[in-house]
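A single chain, nothing else alongside it, follows as structure tokens in the form predicted alone.
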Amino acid sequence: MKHYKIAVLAGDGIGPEITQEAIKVLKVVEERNDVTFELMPALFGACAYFATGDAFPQETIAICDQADAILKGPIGLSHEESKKIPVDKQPERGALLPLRRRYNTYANFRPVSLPKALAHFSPLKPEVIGEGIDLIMVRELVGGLYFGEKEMGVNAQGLRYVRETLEYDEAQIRRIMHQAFKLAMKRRKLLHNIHKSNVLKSSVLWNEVMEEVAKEYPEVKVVNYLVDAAATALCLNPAQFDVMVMENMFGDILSDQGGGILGSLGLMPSACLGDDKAYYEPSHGSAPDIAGKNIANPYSMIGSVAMMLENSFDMADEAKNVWAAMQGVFADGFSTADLSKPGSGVKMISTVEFGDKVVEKLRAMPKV
């Protein structure tokens, strides 16, 4: 029997609620397969700061170091609550970026998936959605503007200023390109390269390295898109895309737009992959305004479990079953209040009930 250690970082806001539903699914996966999961909970984010004075405390680091994979819930507080934490210790700067840096999780996979049967979630017209949306954004996650040198101060003229550096080297670009091309080979052999080379020299280098790597994957068709044009195309014709690769900030923005065309960031799980370790998380925030109300949909958290099963534990078939179970709950006409409005023709259920229905469907599926 295979045994895996999973660091469970429930996070802030709705994090503990949706994490609990993801754990239910992991328990059923254990029942259905020759595998056991050792769950190791740890504090991470604002909750960790208020408990220990550090958003990514040493105790959590030690647990993550031991883990075979990390399951991370959303972190962060409202704007006003965030002011109670020093700027450099706020969850994103004090926990999330250090997590990425420590484990060098340079490849972020964010699926944007909406089967035709769930098209009612999207704000796009049915004729735009067509037979459904099924693409993956591959985002470079540990370079670029977010990780460059940062400086704030007052200049000689007495004016406050800020300086932030966007930096990439060819090795960083090459490794994310290989990830994107390998993924494209498994899918439709189509890769959209997203850049801004008409303005940014970082994109000029990005494209040069992309063209070098592309020679190793002659079966993959490459389509180049300026990032602003890609943003428009995602709204007008999302079906043209399959795998999209982009640098860090472009990926942050376009993947949130991906949630928009689905109808909610609550439908956006993600995998953050390094060569030695990976963590899995919803793409959305901690939604403190609805925390504790039992209305947050756990789809993105359970979807992150599915991505973990596939990418870290080589359980691709069971991952497909988890996806099918979740989408089956939606297809049966159920939803949660954060994703749907009363009177929209769906039956409203709670966070816990959604998780229960996913578990019920998964249990009913043939074992792999």
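Predicted model, so just to flag it, every value in this text is computed and none were measured. Each residue number is its position in the shown sequence, starting from 1.
Here the subject shifts to the form predicted in complex with ligand IPM, a form of this protein not shown in this document.
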| item | value |
| --- | --- |
| Distance check, S283 to ligand IPM in the predicted complex, heavy atom within 4.5 Å | yes |
| E170: touches ligand IPM in the predicted complex, heavy atom cutoff 4.5 angstroms | no |
| Interface membership of Y146, ligand IPM in the predicted complex, 4.5 Å heavy atom rule | yes |
| Partner proximity in the predicted complex: D228 to ligand IPM, non-hydrogen atom cutoff 4.5 Å | no |
| One stretch from 275-283, 194-202, 228-236, 117-125 that, in the predicted complex, holds residues within 4.5 Å of ligand IPM by heavy atom | 275-283 |
| Residues L96, R110 and R139 all lining ligand IPM in the predicted complex, heavy atom within 4.5 Å | yes |
| Any residue of 227-259 that, in the predicted complex, places a heavy atom within 4.5 Å of ligand IPM | D252 |
